[in-house]
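Have a look below at one chain only, the form predicted on its own, in structure tokens format.
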């Protein structure tokens, strides 16, 4: 397969600034709208209603171990990050027996969360994909997708960002035919952003057989997969199952990027722990890619923080801690799966109009409920239940104490607001 992750001695094009006062520029623009999900969080925190996270036990244990380790200091990490973190992160994504490891064609870049991994990958692809500046390379993002996907690639300088079919609203499931058609029609060497598991926001994933069909077209068309893996282990409770798609693509000989986040599966939201796993054609090519990524990191955040990376690396590299972490992750995943089943059961018991099978067919933190914006507004203002205008609900907010209240509120929203 032709290598796509080429680098050359050329330089990316840098647009020159026009003349004008910087103060005029800084005062000429209107305020940007708030980021929807964080605005929702702020509204939730300020809500005085009384019906308003779990720190993983293994994380508490490792934090104490780190605090008691007198050999540690606060010196800078390498630009690409803590080596043992990068290596162990890539291994849980690809699996210990991955052919890419045996062929020495894997590298990693520690990042500021999954968003940082996406941004470093996007910056590299814009500058060096196929060895040239690639602002016109089409970037395909699922419709719908996490809102930051479009923004990250746009801010990285890509000019042609397209949507590919994913969600079938009528059947509340995957639009595989539309997805495959968009793959067939995409120009060769286009870049596709793929959700490794627990698709955000729909919670709907392709089956293994469907992933195989997707991979077959992408390989034939020389399309580049950029996976976003934000929920490994958290989706199903099984690390291997949630990484199946990424590993399938690697087994088929793909070069790819995989942006990993440890916010959810370690509960390290504010530590901003992420990794960009790079799978290249061979070891020399991966080394060249990482050398260019080092330059990008140097001018982006210069050097990553150590605390969260040490927590993850210590856990993943210590057998008994790794086993404990997997049990913690399964506990979280099983609780979400239970909440899905219980919510569906309660909605059906109330004879809530519509079908609700999609709640248990979906997976991960989020569910596309099918509620419309007016029904969402009713839930927020009248019932103090917070969800996105799209009807996306965070299943982690459900508990045995509020399930009946939430189900009754959704029933009222659906029956009263059309």
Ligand SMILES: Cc1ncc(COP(=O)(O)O)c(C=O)c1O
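Positions refer to the first chain, counted from 1. Treat the numbers as computed from the prediction; the structure is a model and nothing was measured.
Beyond what is shown, the protein has a form predicted in complex with this ligand; the following relates to that form.
- The pocket of the unliganded chain is judged open, since this ligand, transferred from its pose in the predicted bound form by superposition of the C-alphas around the site, places no atom within 2.4 angstroms of any backbone or C-beta atom.
- Using a 4.5 Å cut-off to this ligand in the predicted bound form, not one of 235, 265 and 326 places a heavy atom inside that distance.
- Interface residue among 118, 214, 125, 223, judged by heavy atoms within 4.5 Å of this ligand in the predicted bound form: 118.
- In summary, among the residues 86, 310, 195, 340, the only one with a non-hydrogen atom within 4.5 Å of this ligand in the predicted bound form is 195.
- For residue 146, a non-hydrogen atom is located within 4.5 Å of this ligand in the predicted bound form, even though that partner is not displayed.
- This ligand is not drawn, but in the predicted bound form it has a heavy atom within 4.5 Å of residue 231.
- None of the heavy atoms of residue 315 is located within 4.5 Å of this ligand in the predicted bound form.
- Using a 4.5 angstroms limit between non-hydrogen atoms, residue 114 touches this ligand in the predicted bound form.
- Stretch-level contact analysis of 106-114, 279-287, 239-247, 153-161 against this ligand in the predicted bound form, using heavy atoms and a 4.5 Å limit, identifies 106-114.
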